Each structure stands twice: as C-alpha cells, then as structure tokens.
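The form predicted on its own is given below as one chain in structure tokens.
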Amino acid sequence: MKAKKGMWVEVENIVLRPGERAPHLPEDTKRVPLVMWVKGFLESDVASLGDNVKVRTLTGRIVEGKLVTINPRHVHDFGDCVEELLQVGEEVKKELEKVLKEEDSDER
C-alpha cells in the first residue's frame, strides 16, 4: 500500500545507536538503539513503507523519518489488573462516603 500526501502515518527515527547510549544503563538496554516513533500527516506526494519521508505532526512540527505505518492505530492500555488497587479503591470509596455523610450531618 502506498501513502498519499495528507494521510495519517507513523515514522521511525533512531535517536541513539547502541554505542551512543549512556554507560550507566542496564546491559540489555545499551545493546539496542533508542528509537522514536512519531505520527503525523504525510508531506510527500506519495510514499511506500520504508521510504524516508517528512510528516507534519498535530502540533505543526515537521519530522523526518522512515515510514513504518500507514493509518496507525492508537494502541495503548493501562496494563494488567492489579487486584490490590481494586481493593484499595473500594476501601477509599467507603471512607469518602463516610466522611461526606458526617460533613452533611454536621451542616444540619
């Protein structure tokens, strides 16, 4: 699939190569490049995956990088369920309800 000017795309840039990474990082982190992904509107007339292109971000910045995705999805979540947080959340709600009831009775 080819991308056309104005399409929503994602580009990739290598910010730091493995040899350029900070020395205090864990070994597994130092062995891989630091990569940046940016979404924006394609500025080129037409491009294929792997082409070096420019995009205009939602904030108006022009960023250059390798085209890696055409019409990228927004894929994110808040991770796995943490049972303790669910329990604490329920306890906090009960405590807040109790405090609100006390404040309400004090105002009368």
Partner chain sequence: MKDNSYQAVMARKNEIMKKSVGIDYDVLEYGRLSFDYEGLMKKVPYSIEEIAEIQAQTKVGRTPLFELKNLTSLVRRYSPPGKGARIFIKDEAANCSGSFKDRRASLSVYHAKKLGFKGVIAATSGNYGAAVAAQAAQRGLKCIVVQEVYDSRKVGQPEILEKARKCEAYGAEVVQLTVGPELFYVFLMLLEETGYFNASLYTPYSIAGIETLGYELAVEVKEREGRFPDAVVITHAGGGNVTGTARGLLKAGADKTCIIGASVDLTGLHMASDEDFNKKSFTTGHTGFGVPFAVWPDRSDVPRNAARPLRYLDRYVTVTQGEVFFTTEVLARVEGLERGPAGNTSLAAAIALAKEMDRDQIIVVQETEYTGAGKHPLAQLSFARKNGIEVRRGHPSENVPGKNIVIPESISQLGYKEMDLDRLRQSYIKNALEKAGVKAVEKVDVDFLSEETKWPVDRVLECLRDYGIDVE
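We call the rigid core the largest set of C-alpha positions that still match within 1.5 Å between the two forms. Positions refer to the first chain, counted from 1. All figures in this text were calculated on a predicted structure; none of them were measured in a lab.
Although it is not shown, the form predicted in complex with its partner chain is what the next lines describe.
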| item | value |
| --- | --- |
| Proximity of N71 to its partner chain in the model of the complex, heavy atoms at 4.5 Å | no |
| T29: touches its partner chain in the model of the complex, heavy atom cutoff 4.5 angstroms | yes |
| Non-hydrogen atom contact V46 with its partner chain in the model of the complex at 4.5 angstroms | no |
| Partner proximity in the model of the complex: E103 to its partner chain, non-hydrogen atom cutoff 4.5 Å | yes |
| Members of 31-66 lying within 4.5 angstroms of its partner chain, judged by heavy atom, in the model of the complex | R31, V32, P33, L34, V35, M36, W37, V38, K39, T57, L58, T59, R61 |
| Core-aligned C-alpha movement of K93 between this form and the one not shown, 2 Å or more | yes |
